[in-house]
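Coming up is one lone chain in structure tokens, specifically the form predicted on its own.
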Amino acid sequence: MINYREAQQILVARARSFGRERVGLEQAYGRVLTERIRADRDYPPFNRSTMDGYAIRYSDWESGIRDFSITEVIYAGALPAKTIGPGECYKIMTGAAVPQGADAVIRKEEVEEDARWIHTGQAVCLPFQNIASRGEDLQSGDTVIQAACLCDPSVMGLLASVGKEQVEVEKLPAVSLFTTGNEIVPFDAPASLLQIRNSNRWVLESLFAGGGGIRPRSFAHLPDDRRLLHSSLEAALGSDLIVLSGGVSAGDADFVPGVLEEIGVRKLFHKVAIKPGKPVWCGILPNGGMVFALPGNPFSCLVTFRLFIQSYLNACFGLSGPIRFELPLQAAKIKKTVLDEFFPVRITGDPAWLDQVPLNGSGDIRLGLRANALGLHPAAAGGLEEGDRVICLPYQV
């Protein structure tokens, strides 16, 4: 039985792009950019005032002039009609272009304005103060964004700023999603005493949606019927990714591993030394795609997706592996397994710490409600004490 880091390395080695496509900027959020983006012009494209104030000639200030007549008011997006001479200034707004000839802006708060004059009094003035010079941020042709970059809000803003109407991004995988089990009924159906509603579908669809807006192209719930499982999985062999939950352990009705191998899926690993999620199964489709068969308990689904499917998708998209960092644990934790144990935590506090979230086993339908990360209790560690630093993996990456 391999450990979870070995399993992740196996998956990263098998990662492949799902192709590339061009999308409009309005569709790019959350996608992975695959093209290098360059500045289409200097930024700022002109000398820009960073304050509301008064633009003057610094040579006037150096010559001892402290009172200036206002020759014109300049708003953002406007051009001046006049050129200032000795002892003159422009009243200028934040974001407006500083006209040629002016090379310093005195803040509005530092002067007294009297009709068409300003009195600078004790104001301080230096060359090009409160002016963002043309090309100070970027010069035309500079690389703005490297490829293999997640389109987050800052990237979206940059793309809009340089006028990118369309961008090239990684294609999203074609995903076929299956849940299994005779005891499972749809969430909107009546449930008998011996039945449970299908939460795993919604856990997994939500996790996929958070991974760049992936939407499974198909979903089916299958009873514990070997023949039906065989025909349904065989029909999905053209997928980039097949994900199942349930039917993967060692029970008499756990048909998934055997059926997958029957239809030509080559096993990469079955069982990983973690709790929860130990029975996870992974294999390669005949078309080079991947199959992940996850345990049926809801929290096991969440953990195994986060550890394995997310790691695989990141590598396919050319992104770095999932984020890991250490924070102190707020309260002691007892070790109940010899495996690497993942447990729900909430990153909270100032400075931050990890607060354990109650969970009554991996079948608890609360799934660590209000947790925002997984904490790792390593196999080699005994009990964790208050203040011990713990590796955590945030849900949002």
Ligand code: AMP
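One-based numbering along the sequence shown. Just so we're clear, the structure is a prediction, and the values are computed from it rather than from any experiment.
The form predicted together with the named molecule exists for this protein as well; it is not shown, and the discussion that follows is about that form.
Chemist: Heavy atom within 4.5 Å of the named molecule in the predicted complex: which of Ser232, Asn314, Asn198, Thr120 fits that? Just give me the one.
Modeler: If I apply the 4.5 Å criterion carefully, the residue I get is Asn198.
Chemist: Going by heavy atom distances of 4.5 angstroms or less, which of Glu326, Glu205, Glu261, Glu183 would be at the interface with the named molecule in the predicted complex?
Modeler: Among Glu326, Glu205, Glu261, Glu183, a heavy atom within 4.5 Å of the named molecule in the predicted complex occurs only for Glu183.
Chemist: Since only the chain is shown here, I'm wondering whether Gly289 would be in contact with the named molecule in the predicted complex (any heavy atom pair within 4.5 Å).
Modeler: The answer is no: Gly289 has no heavy atom within 4.5 Å of the named molecule.
Chemist: Ser245 near the named molecule in the predicted complex, any heavy atom under 4.5 Å?
Modeler: Taking the distances in the predicted complex, the answer for Ser245 is yes, it comes within 4.5 Å of the named molecule.
Chemist: Taking the shortest heavy atom distance, is Gln139 within 4.5 Å of the named molecule in the predicted complex?
Modeler: It does not: once the named molecule is placed as it appears in the predicted complex, Gln139 has no heavy atom within 4.5 Å of it.
Chemist: Although the named molecule is absent from this view, report whether Asp254 comes within 4.5 Å of it in the predicted complex, heavy atoms only.
Modeler: Heavy-atom contact with the named molecule at 4.5 Å: present for Asp254.
Chemist: Can all three of Thr179, Pro295 and Pro298 be found with a heavy atom no more than 4.5 Å from the named molecule in the predicted complex?
Modeler: The answer is yes; Thr179, Pro295 and Pro298 each reach the named molecule.
Chemist: Of 145 to 153, 160 to 168, 102 to 110, 183 to 191, which is the one stretch near the named molecule in the predicted complex, taking non-hydrogen atoms within 4.5 angstroms as near?
Modeler: Comparing against the named molecule in the predicted complex, the contact stretch is 183 to 191.
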